[in-house]
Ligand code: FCB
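In structure tokens, one chain follows: the form predicted alone.
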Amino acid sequence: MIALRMSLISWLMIFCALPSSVFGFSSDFRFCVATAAHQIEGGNLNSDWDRWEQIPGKIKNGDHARISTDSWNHVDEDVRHMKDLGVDLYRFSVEWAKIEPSPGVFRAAEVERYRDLVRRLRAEGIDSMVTLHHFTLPAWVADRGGWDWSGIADAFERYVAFVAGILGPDVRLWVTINEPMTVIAGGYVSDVFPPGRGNISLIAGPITNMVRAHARAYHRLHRILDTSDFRPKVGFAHHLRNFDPGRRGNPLDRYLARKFDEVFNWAIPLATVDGKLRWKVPFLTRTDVFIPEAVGTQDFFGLNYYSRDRLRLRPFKAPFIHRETLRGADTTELGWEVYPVGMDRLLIKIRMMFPGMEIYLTENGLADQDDNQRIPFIREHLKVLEKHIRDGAPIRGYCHWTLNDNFEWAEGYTAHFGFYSLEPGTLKRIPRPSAIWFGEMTRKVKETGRLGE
């Protein structure tokens, strides 16, 4: 009996010593909302996107971001709402076009505004994750070729050094480039983003320059900010999607889905492992470039996850590549399939390809003006994270896209991703029911370590 009692005590001691992540969310798991400067600030008049928005037909309803949510004049309100949501991390971007409106001319006052925001957030117990490039370029960079310009890695590194010198040790988490392959798909494969090339054969140069710019920024950030007791964490925010064949029994569809997965999802992440940027799509595009400075330039894996694509290859009918949604599937306001299992599939791959690397879900959300889907959408995706955390995955945070309804690029103001809607004219923030639920949920998770129902 004594031996049995001692055995039980020993097991109890082991049980208590186990990290909380074995059973659910650990105490250092971060809840977060994510935004992007051009989409919320307004006044970004020296950018390629401001020009793009003036071209008729590029943005739905002729919308533009010159005012957007006017976030700079609503900082107090927005920070208060973050507190209500229970977040302890805010992912936002700084705007290169405002900070360096012409070559080599930097506006310290603009970066000071971001530093004031960082310090204001910290005073409220909210840390910052800073994104250095979120889709927009200064107009002068675009005029020189944008991501095709041979000098863009130098220019980006110079801008990053200036920002790091001011924001410095107040920020530990940095995203160099948000969704690089979305920029490529939108601006080079199609024409819904600037520069609107619409030619897949042109993607090798811009992708190579993005990887080089990221690598230069990564090393510069660490040279500036690393100290004996402070080391920032730097990575990409990758938009990964599940690509499935529209017809499982069709070899052309299976091949197409495999190629999309290879190029869109993994070409850039794998280049940070061995420095090799490579892919091959017969008759369309191929590259095989060695970028040694890119090796080891992800301190964490940033995952933006929204949905999946089912693809059909139609050789004799335009468009040759047809994207479709599973018949009868639950879809969002934008027609995107609600597919939480897809995030599970991607996390399995990330953990296999990048073993032990910390993971942040840097974006996850849906367009849902009526707010009927948002709560179950978030809950089901968090259940996926919870499962992986219990399995030992080093998943450190969940960032919901987004705080307020805002300018959603080519969709203008027709897509409603926010916890808060905006009152026309006044821009007053109005909480949706999901905002109330999210605040209650985050506090419960922090108390119990479990998501619950």
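Just so you know, these numbers come straight off a predicted model, no measurement behind them. The numbering used is simple: start at 1 and walk along the sequence shown.
Although not depicted, the form predicted together with ligand FCB is the subject of the following passage.
- This chain is displayed without ligand FCB, yet in the model of the complex the stretch 175-183 from 175-183, 349-357, 120-128, 103-111 comes within 4.5 Å of it by heavy atoms.
- Think of it this way: in the model of the complex, ligand FCB has a heavy atom of just one of 279, 149, 243, 306 within 4.5 Å, and the residue is 306.
- Contact with ligand FCB in the model of the complex, judged by any heavy atom within 4.5 Å, is made by just one of 81, 197, 259, 134: 134.
- Although the partner is absent here, residue 312 lies well away from ligand FCB in the model of the complex, with no heavy atom inside 4.5 Å.
- Though the partner is left out of this view, residue 31 does not reach within 4.5 Å of ligand FCB in the model of the complex, counting heavy atoms only.
- Using a 4.5 Å cutoff between non-hydrogen atoms, residue 408 counts as a contact of ligand FCB in the model of the complex.
- Ligand FCB in the model of the complex is not approached by residue 95, whose heavy atoms all lie more than 4.5 angstroms from it.
- Shown here without its partner, the chain carries 39, 363 and 417, all of which come within 4.5 Å of ligand FCB in the model of the complex through at least one heavy atom.
- Within 4.5 angstroms of ligand FCB in the model of the complex, the stretch 210-248 places a non-hydrogen atom from 239 alone.
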